[in-house]
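A single chain comes next, written as structure tokens; it is the form predicted on its own.
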Amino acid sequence: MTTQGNSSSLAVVTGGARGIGLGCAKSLVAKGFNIVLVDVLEDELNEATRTLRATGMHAESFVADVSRFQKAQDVVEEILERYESIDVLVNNAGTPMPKGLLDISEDEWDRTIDVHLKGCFNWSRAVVPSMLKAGSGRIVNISSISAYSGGVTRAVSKFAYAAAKAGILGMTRSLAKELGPSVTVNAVCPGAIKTELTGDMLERRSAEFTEGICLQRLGTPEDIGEVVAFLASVEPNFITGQAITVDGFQWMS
């Protein structure tokens, strides 16, 4: 695997147009990675790409819905026509779902699972063959502390989101066993992170949330990005199949 400081290293970040995904991309760029961003938000995606290019690293983007299996295959094929390999895949794309069991529709349930859990499958399935061929690779899946705690009443997203994020942890551990020793697979579980999606609600209820956080502040996309970049670049590496909680010590297992 090409590592920190090697300008040929490439990381693909889904849901990279803003929030945690963009935070991950910025941290990876700081480690010397070139970046490919994938998102459905075209305007935000273009702006994020310009921001990353301003650092001097190569960045490009693809507008794609991660829930579409063939689209993942097609985009990865195009990426591999331009680059020697994909060294890192960050499965970050997600969507909020604040509705409870008695309010959610079947379509809303399906969409939540499709974006979070099927999206991880789609992109892992597309990228892993090239990693195995290269003999190395890193996958980092973004889960959530909701995978452990459930979608509690005050959470931005509730049970469907929690179920999808819990599924990501099961996939992470299973793929770590299946793909080792060539490819490491880990998960990061953010707590209360202030992003474009959660910012207004968290700002209004900041005292309520920070009261239960030992570090007495909300998390930022950069907090998650630094952990993702560590998992993507650390050498020597003996970490796989793990779920790392990044929540300022908000939730106890």
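The numbering used is simple: start at 1 and walk along the sequence shown. Please read these numbers as outputs of a predicted model, since none were measured by experiment.
One more form of this protein, predicted together with a small molecule, exists but is not displayed; see below.
Asker: Only one of Ala64, Ile213, Val227, Ala30 gets a heavy atom within 4.5 Å of the small molecule in the predicted bound form. Which one?
Answerer: Comparing distances to the small molecule in the predicted bound form, the residue within 4.5 Å is Ala64.
Asker: Just checking whether Thr95 would be counted as a contact of the small molecule in the predicted bound form - the rule being heavy atoms within 4.5 angstroms.
Answerer: Yes, Thr95 is a contact residue.
Asker: Might Ala17 be said to contact the small molecule in the predicted bound form, defining contact as any heavy atom within 4.5 Å?
Answerer: Contact check for Ala17: yes, within 4.5 Å of the small molecule in the predicted bound form.
Asker: Give a yes or no for Leu41: in the predicted bound form, does one of its heavy atoms lie within 4.5 Å of a heavy atom belonging to the small molecule?
Answerer: Heavy-atom contact with the small molecule at 4.5 Å: present for Leu41.
Asker: Given that the partner is absent here, does Lys118 sit within 4.5 Å of the small molecule in the predicted bound form, heavy atoms only?
Answerer: No, no contact at 4.5 Å.
Asker: For the chain seen here without its partner, which of 177-185, 98-106, 137-145, 81-89 has a heavy atom within 4.5 Å of the small molecule in the predicted bound form?
Answerer: After filtering at 4.5 Å, what remains is 137-145.
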